Ligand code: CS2
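Quick setup: one chain, the form predicted alone, written in structure tokens, and binding and motion questions come after.
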Amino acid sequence: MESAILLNQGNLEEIRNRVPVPNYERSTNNMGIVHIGVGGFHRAHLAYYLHQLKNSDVTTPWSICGISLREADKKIFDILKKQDHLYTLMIKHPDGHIEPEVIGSIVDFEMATTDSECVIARIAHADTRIVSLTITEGGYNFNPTTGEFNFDNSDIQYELAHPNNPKTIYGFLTAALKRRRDADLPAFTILSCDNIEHNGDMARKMLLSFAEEQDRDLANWIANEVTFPNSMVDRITPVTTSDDIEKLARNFGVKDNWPVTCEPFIQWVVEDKFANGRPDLEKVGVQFVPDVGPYEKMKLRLLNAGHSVLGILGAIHGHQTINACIEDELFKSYLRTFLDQEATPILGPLKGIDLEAYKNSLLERFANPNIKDSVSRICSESAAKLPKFLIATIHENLADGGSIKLATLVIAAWCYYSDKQINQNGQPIEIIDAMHIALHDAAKETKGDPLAFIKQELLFGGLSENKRFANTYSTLVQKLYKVNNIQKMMKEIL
């Protein structure tokens, strides 16, 4: 391979001979979508779908302006700016084949920490018709126990007092929407692409809570004019490594300082309620439906919970990646049994979905040796994930008299993991969790009180008072501490 060509707009024609590049004109005119949170997932998902649409219909007027609210994103901002906002998506197939493609649907990027006025103006601009979000669960600023808006956040308190100097997503959205209303411009759609159940409803509830505190008349206008479709998103997008960057340069001759890697699978199910138009994304496989609820529940309780099952159990065993877990027949069998016996029974009807085929596809996706999604990433922020992914399933199976043993062992393993912070081979476990201190403090009380860990009401609600669950959990957690062998525990349950 000849020397790698630096990725930028001026080099696209030369790069075209090496990897596919956009076949459409890229312009900052008609930036119909403003996207907040330009991470790997957005670049492998919404931006990819829009790129596909623009490639298939070069007259499609939509393009994306990225926005970051965090100083931590300065590196990706600088890289994309130097690359004219182009990047390479590297689709990694299970057979080792890598399919790179240069994506051009993002045409601009603004940093709110550098110029908040510019960001407000871009969101408020008449061309903006959709504001999409990937801000993670934490960005929604809700109390995980009550589900209500957290007004104790110091940034929220500041921007309520200084509405023209916003800091959070809520301050920027309300400032922009106020300008739209005052200019007699139509409202835009706020489209959450985050992995939160009823993500559009959550975005609406949180924004209205903030706006009502700041400007009640504006809040009423938002409630009547802005739409918040729920959506279910899915594509595994691991963190980009230096090896990915080197492989792209070595094997394909493209120098991209921050490509994105992902699996071949992609899915997006969206409620079709847009205030001010939308791209024709159904032409490239997006499914528009009246109610996304059953689909997002399927994904959260099968894919996301499945990841957590493998991650927590795998971490204790010493597996480093999700594909290594699936290559272990015991872990693969345990996951499939959990999916069949505990997760599937609590799902409702799913029009257009073959659940058996979907579960088969999950095992294939998790097994992809070229994705190598790390166990530590999957286990990160488990306190934010498990109540929605796994503990909710336990609650429903308790109410319905269903099986709970497989999920309960995962909770017992989570306690052991939080307490010991080493795997059963004595090697340290990397724990990344905003609640890691509280989790460790509760878990270390287990020997004196077997139920200490599940008495964290913030996470478990009243599960410690449910006799069936408490007895099952107590038995499993005490035995796990005694035998110090997760495989033995898994075999006994199977």
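What you see is a predicted model; the values in this text were computed from it and never measured. Start at 1 and count along the sequence shown; that's the residue number.
Below: the form predicted in complex with the named molecule, not depicted.
Asker: Is Y417 close to the named molecule in the predicted bound form, meaning a heavy atom pair under 4.5 Å apart or at it?
Answerer: Outside the cut-off, so no.
Asker: Give a yes/no on whether K372 approaches the named molecule to within 4.5 Å in the predicted bound form, heavy atoms considered.
Answerer: So K372 does not count as contacting the named molecule.
Asker: Using 4.5 Å between non-hydrogen atoms, is D234 touching the named molecule in the predicted bound form?
Answerer: It does: once the named molecule is placed as it appears in the predicted bound form, D234 has a heavy atom within 4.5 Å of it.
Asker: In the predicted bound form, does S132 have a heavy atom within 4.5 Å of the named molecule?
Answerer: Because no heavy atom of S132 falls inside 4.5 Å of the named molecule in the predicted bound form, the answer is no.
Asker: Heavy atom within 4.5 Å of the named molecule in the predicted bound form: which of N368, N304, Q83, N230?
Answerer: Exactly one residue meets the criterion: N304.
Asker: Exactly one residue in R377, R336, K273, H395 has a non-hydrogen atom within 4.5 Å of the named molecule in the predicted bound form; which is it?
Answerer: Contact residue from the list: R377.
Asker: The chain here is shown without the named molecule. Which stretch in 295-303, 408-416, 69-77, 162-170 comes within 4.5 angstroms of it in the predicted bound form, by heavy atom distance?
Answerer: Careful reading of the contacts points to 295-303.
Asker: Using a 4.5 Å cut-off on heavy atoms, what residues in 172-195 are near the named molecule in the predicted bound form?
Answerer: Going through 172-195 in order - heavy atoms within 4.5 Å of the named molecule in the predicted bound form - there is one hit, N195.
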